[in-house]
Structures are given as C-alpha cells and as structure tokens.
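In what follows, one protein chain appears twice in different forms, each by itself as structure tokens: structure 1 and structure 2.
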Structure 1
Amino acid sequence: MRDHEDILVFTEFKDGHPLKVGLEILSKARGLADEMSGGLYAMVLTDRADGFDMLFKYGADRVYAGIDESFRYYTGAYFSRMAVSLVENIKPYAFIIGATAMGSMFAPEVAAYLKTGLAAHVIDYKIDHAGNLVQVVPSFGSRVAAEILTPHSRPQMSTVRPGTFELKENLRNGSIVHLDTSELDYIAPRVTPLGFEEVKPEGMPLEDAEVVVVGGGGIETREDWENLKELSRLLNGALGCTRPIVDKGWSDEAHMVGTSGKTIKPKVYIGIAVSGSSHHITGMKDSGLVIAINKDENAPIFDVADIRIVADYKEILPALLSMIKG
C-alpha cells in the first residue's frame, strides 16, 4: 500500500447539474479517502462548464472535467477513452461510479479495458487489514450480501445505486483540472445518439417522497389502484409499485421499487398487497416506518414490517380513505 490512496468518483452530469447519486457517493467516499489519507477526486464529462461547485460542497478535493459537446449523451467509445486515460494517469486506489442507466454501461466497459474487477451495486465499504477495499454487494435480490474484494488489481472499481448513501456536506476548497478531449477526434463511434425523449413519471418522484404507498400484485382492479393513488395524494406522498403492477400496465418501471427499480428510504413505507419478494425488499428495507397490509399472515413482507396488518386491503382501504378525508 502506498502512503496515500486516492479515490476517484465519476459524477454524471445532466444539463449542467450533477446527478444526486454522484453526490451521495462523494459523501460516502469522503470518509474512505480520509481513512486512507488520500484525495477524493470527481471525474465529470459534460457539455457545459457549470455545476462543479456542488462537487466541492460534498467533499471533492479536485474535479477532473472534460467539457465537450459530444458528452451530452453517453457514447461508450468517448467516455471509456477519457476514463481509461485519466485512470492510467492518476492511478486511483478506487474508482466508483453511480449505477444509473449510463453508469451501468460505462463502468463495466472501463473495467474491462483496465482489466480490473468491478463490484456491482455496493451497499457498504470497509477497508480491511491488508488495505483492500471490502465492497459489500447484495445478491439474490437482497437475500444475501457478499463481500467482494479486488486484491490484485487497481483501481478497485465499483458501482453504487442511487439512494444507497446519505448526502453529507463537507465543503472543500478544491480545484478544477480540465481534461484534454482532443484525442476524441480520432475515434469514429458506430453508435450515434440521436436525441432524448423525456418521459415524465406521473406524480411525485419516489425518491423525494416522505411517504411512499406501494401497491403490489394483490391489487385486484384498476379502481383499487386509483384509490391507492388517492391515498398517496392525501398523504402528500408518492405511489410506488412492484413488478406485477408494471406487467399489468398500471404503472411503470420508474415507480417500481427493488432490484430493477428504485431504492427508497421514505419516512413511511406502506406496502399494500405486496408479498415481499427479496427483489422488492432490496429497494425498501431501509425505510423508516414500514406498514404492511397483506391477507396472508406468512407473507415475507411482515418480516421487515413495523406494523403488520393481516387483512384484506379491500376492507381497510375504504376505512382509511374516509378517515383521512375526515
């Protein structure tokens, strides 16, 4: 181990703003960098020279910024080339990337070019006696957590899903280093982005809500689904769902909670006719108060619930709605 080890975090930008996940990772990685007496660096590829302040606010000592029109959308050939060059240059101890849609294409590609290990969807980091980064990842849904080490290659790469770590301010007086983008001229990608079509998710984003009502596969009718919507509205909350609801077409993946969906930590989670499969629990287990309504007393959701209600939701929901409406 060297006397100091630096951590590089890729912070994805959109329209001149960092995505929250990048800041969450910085918040967490600040502690690791301190533990290793190293620097915490943010890598940015963006089409606008704005928004870097936020990175310093959440603990970055330095920002490596590549600014170019071609970074507006993700193009693997460009992004990987930039990352590989930077990593080879600054040789970080760890390289952490947000597991967004873009990050999930980018991180594996970079790891393969660097022939290093990549731990997916880390939920916790530790540093062991040998000075390796212990990366804790979930598997089989959230049924099992496994420790992944990359003992012999550097950097130790990993991804982190949005919502995994808390934001923590730690203002730094950092500097910006501009990355040279001229070598991109020699790359002719066979993948060309044509544009972006916004799909605005209906209602309040799950990640921002204090109360999330989640309707599961046991919701029988569209009308009941509308009632859940009403309930979430009355509680100033958001309405999430499980996979069967997406399959029915009543909601979409932007509202699905779990392995393939969102990780949420609202103050209150209310699961209605949700069984509690490990793929779903992954996404909600760190919620504040967990309330579950299920007619099957053996439903696994009850194992992670604070308030258990063994009942038919069709009886409870009308009573609850009318009580809230007063």
Structure 2
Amino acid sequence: MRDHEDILVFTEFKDGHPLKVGLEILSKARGLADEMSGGLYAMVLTDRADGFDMLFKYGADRVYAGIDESFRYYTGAYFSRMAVSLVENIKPYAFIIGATAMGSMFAPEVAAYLKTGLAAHVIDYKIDHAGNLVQVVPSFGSRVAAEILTPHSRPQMSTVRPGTFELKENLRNGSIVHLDTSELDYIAPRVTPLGFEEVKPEGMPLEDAEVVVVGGGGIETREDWENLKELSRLLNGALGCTRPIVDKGWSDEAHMVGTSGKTIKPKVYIGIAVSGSSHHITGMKDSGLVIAINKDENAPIFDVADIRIVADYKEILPALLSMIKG
C-alpha cells in the first residue's frame, strides 16, 4: 500500500438531494479513510448544482461534481464514462456505490471498464493487519460472512445496500471540483431515456418507519394480510413481508425484508408468522425491540427475538387489533 489511500463514493442524487444510502456510505467510509490516512471524496452526476453541502456534513473532503442535463436520467454510457475518467485521474484505492436500482447497473459497468473486481452488497468494511481494506459480504444464505479483497487491481469496488450503515455527521470544510462534461458530446448511447415515471410503494417506506410489522409465509389468507395492514397503520408504522408473501402477489419487493429486499433498523420490529430464515434475519437483525409471533416454538426467528409469543397468529392478531382500537 501507499502511505495514504483515498476512497471515492458515488453519491446518487434525486431532485437536487443526495439519496440517504450515499450519506450512509460516507459516514462509514470517513472512519476508513482516516484509518488509512487518506481522503474521502464524493462523486456526483446530476442536472442541477445544489445539495452538495450534505456531502461535507457527512464527511466528504472533496466533491467531484459533473453537472449536465445529460445526467437528469440514468444513461449507462454517460455515467460510466465520467466515472472511469475520474477514477483513472485520481486513482482512488476504493470506489463504493450504493446498491440502488441505478447503482446495481452502474457499478458492474464501471468495474468491467476498469478491469477490477466488484463485491456486491457489502455489510461491513475493516482494515486487516497489513493495512488492506477488507470487504465483508454475506455468503451461503447469510450463514457465513465472507471476507473479500481485490489484491492486484485497483480500485477495490463494492456496492452497499441502503440501510446497512448508520448516519454519522462529521462536518468537513471541503471543496468542489467541477468535472468537464464536454466529452459527453462525442458519446452516442445506444439507449436514450425519454422520461421517468416513479411508482411509489404503498404506505410508509420501510426504512423510514420506527415500527415495522412483517408478515411471513405462515400468513394464510388475504384477509389476514389486510389485517396486518391495519395493524401497521394503527401503530403508525410500515408493513413488510418475506418472499412467500411476494410470491402470493399480496405485496412486492419494495416491502420485502432480507438479503433480496431491504435492510431495516426500526425501534420496534413485529414479526407475525415469520419463520426467520437467515436471508430474512440479515435484513432486520439490528432492529431495536424484536417481537415474534409463531406457533412453531423452534422457529429461528425466536433466536433473535426479545419477546417470544408461541401461538397461532390467528388467535393473537384479532385480540391485538381489538386492544389497540380501545
């Protein structure tokens, strides 16, 4: 390693504001950059020149900003070309990208151009005894935390799912470097976005709720699922699910908790008829108070629960709704 190693974080923007996942990554990367005596830099590709102060608030030393109408919507050719140019110019030790819908397309494109590795859905970073950055990812159905290094190629690239790291303010007096976007004039993308239609998920977003009610594969009827919706509403919370509920068509992946869905950290988690597979536990293990209701006393969810209710949810749920209604 060199005497210092810099970290570059791609911070996705929407409507002039950075997405929360970018700020979460900056919060975590700030400590890593300090440990490696390097700088922490944020890269932004956007169509408007505002919202950058938030990046300094969460630890960025410098913001590399590409501002152009071409960045209003995601176009792989434009975004990857700018990222590759910047990486080849500043040569960061690591390049980290949020695993959003856009980031999951963007990251592998950039890694392929740079001929480097890409660790997907990192859950932690650490520095080993030799001073190398180690990327920790879940493996074998989240039963094992695998440690990944990219020993020969640079930068080490990885993606991080929203909700993985805590937000931590660390204000810096940073600077903004404006990227030259003139080379975009010579790129002819094969696909040109004509517009963007956002489909907002029903109810409160899981990652914003202090109370999350999760229905598992043991939920038997659509009527029971609607009762869970009412419970989450009465608790001013959000309604989540596991994969079987999505397969039944009662909910969608925007509400799924686990390695294939979202990572949540609510103050209160209520799992109803959730067995507690390792895939699901990975997505909710950092919740505050965990309440589990399951008729199987050996259900794995009880291993992480603070309050364990061994009972048929069909007996508990109506009584719970009645009590909350007063």
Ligand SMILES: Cc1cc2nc3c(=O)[nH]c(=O)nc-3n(C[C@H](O)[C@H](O)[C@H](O)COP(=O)(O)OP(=O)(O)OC[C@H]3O[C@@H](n4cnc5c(N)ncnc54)[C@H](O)[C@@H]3O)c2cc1C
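All values derive from a computational prediction rather than experimental measurement. For the two forms, the rigid core is made up of the largest set of C-alpha atoms that agree within 1.5 Å on superposition. When a residue number appears, read it as a position in the sequence of structure 1, where counting begins at 1.
The form predicted in complex with the ligand is structure 1, not structure 2.
Here A299 counts as shifted, since its C-alpha moves by at least 2 Å between the two structures after the core is aligned.
E88 is not among the residues whose C-alpha shifts by 2 Å or more between the two structures once the rigid core is aligned; its shift stays under 2 Å. Core-superposed comparison between the two structures: the C-alpha position of D208 differs by less than 2 Å. On core superposition, S277 has its C-alpha offset by 2.6 angstrom between the two structures.
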